[in-house]
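Below, in structure tokens: the form predicted alone, a single chain.
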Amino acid sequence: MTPTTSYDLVVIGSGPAGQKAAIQGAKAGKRVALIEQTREVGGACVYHGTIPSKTLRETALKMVHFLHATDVFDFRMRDDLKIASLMTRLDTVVRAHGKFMKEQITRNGIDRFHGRAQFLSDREIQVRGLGGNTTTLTAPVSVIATGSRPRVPDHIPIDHEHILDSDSILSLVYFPKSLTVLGGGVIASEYASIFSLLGVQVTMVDTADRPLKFLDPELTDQFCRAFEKTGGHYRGQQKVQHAQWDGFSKVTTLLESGETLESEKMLVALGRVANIEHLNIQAAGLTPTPRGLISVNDQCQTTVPHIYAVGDVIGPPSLASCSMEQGRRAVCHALGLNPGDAPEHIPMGIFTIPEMSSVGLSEQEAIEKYGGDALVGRAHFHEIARGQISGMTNGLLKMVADAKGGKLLGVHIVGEGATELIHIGQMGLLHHIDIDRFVDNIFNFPTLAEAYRIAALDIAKQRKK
């Protein structure tokens, strides 16, 4: 007979969203169970996505900076360089982050279950372990936080050796001489820029006319110029008809235009799909959307009121930072706790090379929303002392204001440090700071943060008398 254990809250998935949901429940004094299919906690964010890719990125940047110091060092990168040699810190970083998450879960008295979860009813969840043993958990509240995985197109045979997805790309032993990247979104752009910086001949192929279509065009224009400067190529408005490994030395990609591309390896980064197919959510009274997601309201509450869903399973923005907050707020709502004010002006950080980050309205959105004009101030990193000192001249901070140039509406940044700098703009938006406050206050010198004052001055001089 399957044993049954009762909890106040059951959370399925231990990624950023699930972990924060479980922690919030435990801190509220509730008995919490956390179910995770893999052996370690942390989800794809820690073991396949955010942490590994950003570790490789940081190592690549440091290595290239070292290469550029040719007047001090006589140094070149080996032709047979192994990817693992650039990720010596990865295991340390992943272990440290995983250890921290595990200790936090243990410290808060959360019970962990290792196995695959499925709903038996809207209040019963079965956990099947590796040996086939099952346990049934019951709870008045449950949270689905099972994350996502790379989407596998039907017409592209991913073998994880020659044609890879974003989970398997870092399993490569050696850097390929050439790489075709299918996709123009965040993951595709991040990996394309990293590999191109490290000397791989990278070609991005996507149906959109430019990568990262949702961003301000000035940011993506600068990204494309930097990408091309490292030898990368973006092939927009192209559809892939077929791709295959030739069994010997290359991957051949046939475009619908009739053109053929050849590369040593291929990365398929055409989006992600929610991990819900094994959950048997129908037994709980839930039905997935046509896109395979779980529909929720503003409180992350599903159509079954005591079941919540957070993170990638509910769709965009699919940011780790947002997922964490969704998990916390969902449990607060379920337990009748005040979660605080709803988050406004969520910043988006994209760890391409160079970085890009955005918060608030774009120039076009400002014009459309207010039915008129918008004033835009720009500060180029090559005009800033810190940019020259640090060799970070390839950057731009763009500040969007209303037509009178008084109210801050949005900030968009491209360049190293963008994902850190954006938070000044975020705080400005949250506290309704006028443009003149950026002019009247003092920024440390020399810093990249000075760009805010320069951009504000640029807006001020455009004001109508």
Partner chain sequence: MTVVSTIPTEESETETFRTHIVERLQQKELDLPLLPVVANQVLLLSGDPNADSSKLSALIQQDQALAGQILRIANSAACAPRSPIVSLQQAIAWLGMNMLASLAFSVSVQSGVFKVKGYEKEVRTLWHQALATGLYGKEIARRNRHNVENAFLCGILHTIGKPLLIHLILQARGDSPAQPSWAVMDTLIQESHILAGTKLAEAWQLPQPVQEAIRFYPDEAYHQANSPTKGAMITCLADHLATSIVDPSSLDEEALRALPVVQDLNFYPEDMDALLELKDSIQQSVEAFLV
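Positions refer to the first chain, counted from 1. Only a predicted model underlies this, so the values are computations on that prediction, with no experimental measurement involved.
There is also a form predicted in complex with its partner chain; it is not shown, and the following applies to it.
>> At 4.5 Å between heavy atoms, is Ala342 in contact with its partner chain in the model of the complex?
In response: Residue-level check for Ala342: no, no contact with its partner chain.
>> With the partner left out here, check for me: in the model of the complex, does some heavy atom of Gly360 sit within 4.5 Å of its partner chain?
In response: It does not: once its partner chain is placed as it appears in the model of the complex, Gly360 has no heavy atom within 4.5 Å of it.
>> Test of understanding: in the model of the complex, would Ser171 fall inside 4.5 Å of its partner chain by heavy atoms?
In response: Yes, Ser171 lies within 4.5 Å of its partner chain in the model of the complex.
> So in the model of the complex, does Gly231 come within 4.5 Å of its partner chain, heavy atom to heavy atom?
Replying inline: Output for Gly231 is no: heavy atoms all beyond 4.5 Å of its partner chain.
> Since the chain is shown here on its own, which stretch among 422-430, 400-408, 435-443, 30-38 would lie within 4.5 Å of its partner chain in the model of the complex, judged by heavy atoms?
Replying inline: In the other structure, the partner sits against 30-38.
>> When its partner chain is placed as it is in the model of the complex, are Gly98, Gly184 and Lys213 each within 4.5 Å of it, taking any non-hydrogen atom of the residue?
In response: No, the candidate spot makes no contact with its partner chain.
> Heavy atom within 4.5 Å of its partner chain in the model of the complex: which of Gly109, Gly247, Gly372, Pro317?
Replying inline: If I apply the 4.5 Å criterion carefully, the residue I get is Gly247.
> Taking its partner chain in the model of the complex as the reference, which of Gly391, Gly258, Gly131, Gly336 has a non-hydrogen atom within 4.5 Å?
Replying inline: Of the candidates Gly391, Gly258, Gly131, Gly336, Gly131 is the one lying within 4.5 Å of its partner chain in the model of the complex.
> Can you tell me which residues in 384-419 come within 4.5 angstroms of its partner chain in the model of the complex, by heavy atoms?
Replying inline: Sequence-ordered list is empty.
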